[in-house]
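Let's start with one chain on its own, the form predicted alone, as structure tokens.
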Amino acid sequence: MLSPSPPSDAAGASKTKTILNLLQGCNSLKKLHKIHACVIIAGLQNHRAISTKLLNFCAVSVSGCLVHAQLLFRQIHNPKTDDWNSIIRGFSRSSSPLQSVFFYNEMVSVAAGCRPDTYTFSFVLRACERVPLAESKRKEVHGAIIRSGYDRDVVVCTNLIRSYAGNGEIETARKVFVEMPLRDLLSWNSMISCYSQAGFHHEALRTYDLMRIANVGLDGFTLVGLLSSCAHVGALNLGVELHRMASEKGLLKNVYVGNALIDMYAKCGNLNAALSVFDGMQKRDIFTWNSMVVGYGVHGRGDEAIEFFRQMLLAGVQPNSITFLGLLSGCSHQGLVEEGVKYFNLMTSNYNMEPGIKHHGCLVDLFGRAGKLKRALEVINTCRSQKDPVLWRTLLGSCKIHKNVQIGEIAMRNLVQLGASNAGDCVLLATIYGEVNNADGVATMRKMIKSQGIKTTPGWSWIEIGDQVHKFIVDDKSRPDTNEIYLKLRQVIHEVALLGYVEEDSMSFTSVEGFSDQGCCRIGSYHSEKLAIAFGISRTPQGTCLRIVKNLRVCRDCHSFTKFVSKAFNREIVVRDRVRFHHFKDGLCSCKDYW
């Protein structure tokens, strides 16, 4: 077969210009195939600019095709760095990021005269971020970056931070960040985002403090990362300040910033502010609506969650699995059993969604909180995920509320059989035994913890005072103002005792190390939220609302204590525990004592 004859200089220049213009406006693979055919007919398949543009479209464009990109790449004689970058970039964000690493390996080992540049390193680092167990390759690339002198390149180092952090190597990412000779807004944003996504929220906020000192400024990405961390630690005051800055910089039109603000306000216990942001948003997406539905749900305001769901449907927004989690949570905490069952069934009947383990967990919780423990047990027994410990643990929690020993023992037995029992489960069942004065049961749980060496999860509470978030643990004596805090707490206990508060004890199992702050109390023990409340009262003006975030459920004694404090000191106290929000005011709690 004869090869197409090369065009004359004038004709070739004209055809080259035409083809390059066609490639510039190409927006589909079908058009590209036609252009490629013209290239072959014109004998321009070896033209450098044309082959590079063909490859770049196939490898990088959303309308491209990586299979075709590989064919084009292999037809290029002596590919240059730009060509390698296109194929490495294409695979780095594909479903096969490992191929990106393979092409990088090939480039550095066999490509004569080609050296990786800023883009090469950035693309392969993104691939390493997405490839499990790529630690050795990531470090190898890091070494190549240093040897090539790119360890001073802000773009490469920013991608290196992301690659390390994306695989849990936060300390290494931090070290790269600290050693960067120059940091731009993107690198600061990346570090904040990495901390926030990894759950190191205090570190994210501390990084922002350093960012302010460096006078870098901020943008929408900065705000989203910081607001997420504010939401998790309950830093409402800082969140309000970030809201003000977003308004000044005209960033409130950014839907992602708006969503982050709603989420922050809802998780910090201020639903009115969340609603205000929602009402002011010109554009809303599914995350906007879900933030409101879930927000009302975890606050135990199921009726409002349902109303938002209805408005969402009228707005033409299709719900997803998160929407239904918010609805079910709200129905559960408000005791709307029939409505909860209705929305659970609606997932399958109207939206062709298969309820997940979390939805089944909400249904178990719905029946359990309402005292319908046998129906809750039926849900688990008929669920395909009945071997998931979350369901049995949820049932056990409901048995604690209603002091049901029989079903509590069934739940515990299943947790043990699954090899998933932990100290918190033992505490829950021990508490149930304690409620019915079953000393033998309490002793059994105590023995189980000691014999199996089960460790409890340390309990802690956060409270924001001014622009700082303070952390307390049970019997905390780590602070320089410890004596002052304990003196204030004893004064608070004296005041609430005059109103009828009596410290509760749940039998001798609480003397096991770590049981305090795990859902049951020991006389003389100062739980983290009690210390946080005393600190808050001593550090804020009278009438100031106190907002506390806990990592565990509020125990019965602390729940009673906080109710009396709200009345004695005329304070509204908002507590977010592992399960829901508690709004204490005038001696009452929004959960109506079913927590």
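Here the structure is a predicted model, which is why all the values come from computation and not from measurement. Numbers follow the displayed sequence, beginning with 1.
Below, we turn to the form predicted in complex with the DNA, even though it does not appear here.
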The DNA contact in the predicted bound form: Tyr433, any heavy atom under 4.5 Å: no
Exercise: Pro97 in contact with the DNA in the predicted bound form, heavy atom 4.5 Å: no
Proximity of Glu339 to the DNA in the predicted bound form, heavy atoms at 4.5 Å: no
Interface membership of Lys400, the DNA in the predicted bound form, 4.5 Å heavy atom rule: no
In the predicted bound form, segment of 475-483, 288-296, 171-179, 458-466 with a heavy atom within 4.5 Å of the DNA: 288-296
Heavy atom within 4.5 Å of the DNA in the predicted bound form - the one residue of Thr394, Thr207, Ser193, Asn404 that qualifies: Ser193
Position in contact with the DNA when the complex is considered in the predicted bound form, options Phe344, Phe221, Phe200, Tyr501, heavy atoms within 4.5 Å: Phe221
Complete contact of Thr118, Val156 and His232 with the DNA in the predicted bound form (any heavy atom, 4.5 Å): yes
Stretch 174-205 - residues with a heavy atom within 4.5 Å of the DNA in the predicted bound form: Asp184, Leu185, Leu186, Ser187, Asn189, Ser190, Ser193, Gln197
